[in-house]
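As structure tokens, one chain now follows by itself in the form predicted alone.
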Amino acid sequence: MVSTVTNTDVKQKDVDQAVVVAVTFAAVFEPETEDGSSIYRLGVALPLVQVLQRVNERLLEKNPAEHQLFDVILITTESWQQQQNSSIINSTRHHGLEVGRFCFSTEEDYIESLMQNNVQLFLTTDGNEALQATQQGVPSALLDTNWVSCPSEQLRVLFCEKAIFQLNMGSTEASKKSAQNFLAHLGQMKQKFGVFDSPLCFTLVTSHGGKDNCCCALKSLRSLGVSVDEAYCLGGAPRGPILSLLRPHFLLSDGFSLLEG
């Protein structure tokens, strides 16, 4: 059974305008607690959660009445995690993470929790979870533990036409529409800042197809109101070196249904 707990330590976001991002417990925390306590150690998603918080701060600095903010929720996807609700809430408060809500669900009903909370982007380290969410129309992206991002003042998003984990076979029209809506929100947030002072940085990487493929991808993104800061056409070269250099917070690919029509 799904249960949702509001974090009273955090000012709640506007439900009509906020961009809801759900991050799994397994991405935010390690399964082990700190020595002699019930506080969980921080996981691979820490830089991401911190930079989403920083983007919100920058948006509010520019306009104190801003309502188009990231609303981060933490979701459990396994039964044993659901049973650790008190420890999870205390760990989040201990580490000062701006999580608006806690959704305690299991492997059987976490999709229901995502849909109930109008999640616009689901971030996980589990490929099966991302695939299942995508099939149900919830845009998803993988946090790869092999290239954890460093702390940053900018949210670095990388758009790519191929996934490290192939999720495109699970894409649906509902997922595609939701993904495009999420992209439109990102573009609107970025447009609130100048070219040189934005807390959001977008990069496009195409692996195949030459400059024509890259131009097509750029046009698709621009049609959704998204302008990229950099674009790389690899022409068949390995993507690993550029990923290690750019170190994005997350990668959005075909499984996210981004670059199609």
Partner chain sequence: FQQNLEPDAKTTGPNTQPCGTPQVILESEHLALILTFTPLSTQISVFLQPKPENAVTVAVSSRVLFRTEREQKVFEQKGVEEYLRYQIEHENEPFAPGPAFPFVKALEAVNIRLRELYPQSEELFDIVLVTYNHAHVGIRLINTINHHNLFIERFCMTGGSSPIGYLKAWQTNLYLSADAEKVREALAEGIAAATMFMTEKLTEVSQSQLRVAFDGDAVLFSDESERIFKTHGLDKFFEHEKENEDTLLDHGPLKGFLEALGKLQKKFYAKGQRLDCPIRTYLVTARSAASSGIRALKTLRAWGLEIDEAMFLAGAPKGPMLEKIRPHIYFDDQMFHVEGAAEMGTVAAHVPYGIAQKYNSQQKMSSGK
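In this text, all values refer to a predicted model and were calculated from it rather than measured experimentally. Numbering follows the first chain given and starts at 1.
Keep in mind that the form predicted together with its partner chain is not shown, yet the notes after this line are about it.
Q: Any chance Leu60 has a heavy atom within 4.5 Å of its partner chain in the model of the complex?
A: No.
Q: Quick one: does Thr33 come within 4.5 Å of its partner chain in the model of the complex, counting heavy atoms only?
A: Thr33: no, not in contact with its partner chain in the model of the complex.
Q: So, in the model of the complex, is Ala65 in contact with its partner chain at a 4.5 angstroms heavy atom limit?
A: Although its partner chain is absent here, Ala65 would stay clear of it in the model of the complex, with no heavy atoms inside 4.5 Å.
Q: Counting only non-hydrogen atoms and a 4.5 angstroms cut-off, does Leu46 reach its partner chain in the model of the complex?
A: So Leu46 does not count as contacting its partner chain.
Q: Can you tell me which of 33 to 41, 65 to 73, 49 to 57, 215 to 223 lies within 4.5 Å of its partner chain in the model of the complex, counting heavy atoms only?
A: Among the listed stretches, the partner-contacting one is 215 to 223.
Q: Heavy atoms within 4.5 Å of its partner chain in the model of the complex is the criterion; list the residues of 218 to 243 that meet it.
A: Heavy-atom contacts within 4.5 Å come from Leu218, Lys219, Arg222, Ser227, Val228, Asp229, Glu230, Ala231, Tyr232, Cys233, Leu234, Gly235, Gly236, Ala237, Pro238, Pro241, Ile242.
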